[in-house]
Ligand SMILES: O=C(O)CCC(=O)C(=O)O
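First, one chain by itself in structure tokens, the form predicted alone.
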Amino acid sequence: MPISLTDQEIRDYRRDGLLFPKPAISTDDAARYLATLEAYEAETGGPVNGKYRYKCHLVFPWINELMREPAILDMVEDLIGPDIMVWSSHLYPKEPGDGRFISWHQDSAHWGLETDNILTVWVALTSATRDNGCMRMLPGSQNTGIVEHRDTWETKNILTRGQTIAEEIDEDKAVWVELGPGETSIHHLHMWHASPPNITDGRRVATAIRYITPRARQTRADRDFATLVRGEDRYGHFEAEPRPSVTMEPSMVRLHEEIADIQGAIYLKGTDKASIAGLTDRK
């Protein structure tokens, strides 16, 4: 029996590859997490350094706490089963007027993971609207499997390679994934999605958490890392990640650097940039 989602919501997700809006945390908790982030930014003199927006649960305890939120894990368990790992996390602030966008793509295009029983939970810490750059998704597109992408390397594109789906997109069929603070959207690994720039005067801030089953396997590298957040890992395909006790704990910063080198090579495999160490804030 489902723990959190209704039978209809599970059917909707299987059909559309998408479920939203789903409440996950209170607006007070969303405001608390946002305040924690912005206090760190004020202390360090600006927005979080690009590389720490990726795998951010290793260096920010509040994100590690958020990814373990029972209300989120209950929804994830209803969709991928009781054994759950976090493969990665991203912190996604879109600053007003910076022109940054995400082109139409699939998460699966360059992750190298051998199972499609993988999803992203996107948690809004501020409102996410059309004007401030919420996601657009194409319901049902997850049924295509992985499609061809071309690399654009556009500087304003948040994606690692500026990867863009090669075929034409019928954007009239896309939906705007608008959310309030504390609400989430859930989307499948193969979902076609994009997001425009933030044209408002305020920030749009969210975290994206990538949940996988332990039986997933990395095909692009000999080593990969993940955090078990519920159930058991009976496969051992991923090296375990410790939990940070304080922000930017030195040992966790060193681990973050090591993992960024490995997963940066995974994202860039097959390009002449594959030897570049580390990642920025791109996915």
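A residue's number is simply how far along the shown sequence it sits, counting from 1. As the structure is a prediction and not an experimental result, all values here were calculated from the model.
The following text describes the form predicted together with the named molecule, which does not appear among the structures shown.
- Proximity to the named molecule in the model of the complex, defined as a heavy atom within 4.5 Å, singles out one entry of 135, 186, 113, 73, which is 135.
- With the partner omitted here, the residue from 109, 174, 208, 165 that has a non-hydrogen atom within 4.5 angstroms of the named molecule in the model of the complex is 208.
- Residue heavy atoms within 4.5 Å of the named molecule in the model of the complex occur in exactly one stretch of 147-155, 73-81, 117-125, 175-183, and that stretch is 117-125.
- Taking the partner from the other structure, the named molecule in the model of the complex has no heavy atom within 4.5 Å of any heavy atom of residue 88.
- In the model of the complex, no heavy atom of residue 104 sits within 4.5 Å of the named molecule.
- Taking the partner from the other structure, the named molecule in the model of the complex has no heavy atom within 4.5 Å of any heavy atom of residue 160.
- At a distance threshold of 4.5 angstroms between non-hydrogen atoms, residue 142 is out of contact with the named molecule in the model of the complex.
- Taking the named molecule as positioned in the model of the complex, the residues of 188-217 that bring a heavy atom within 4.5 Å of it are, in sequence order, 193, 195, 204, 208, 210.
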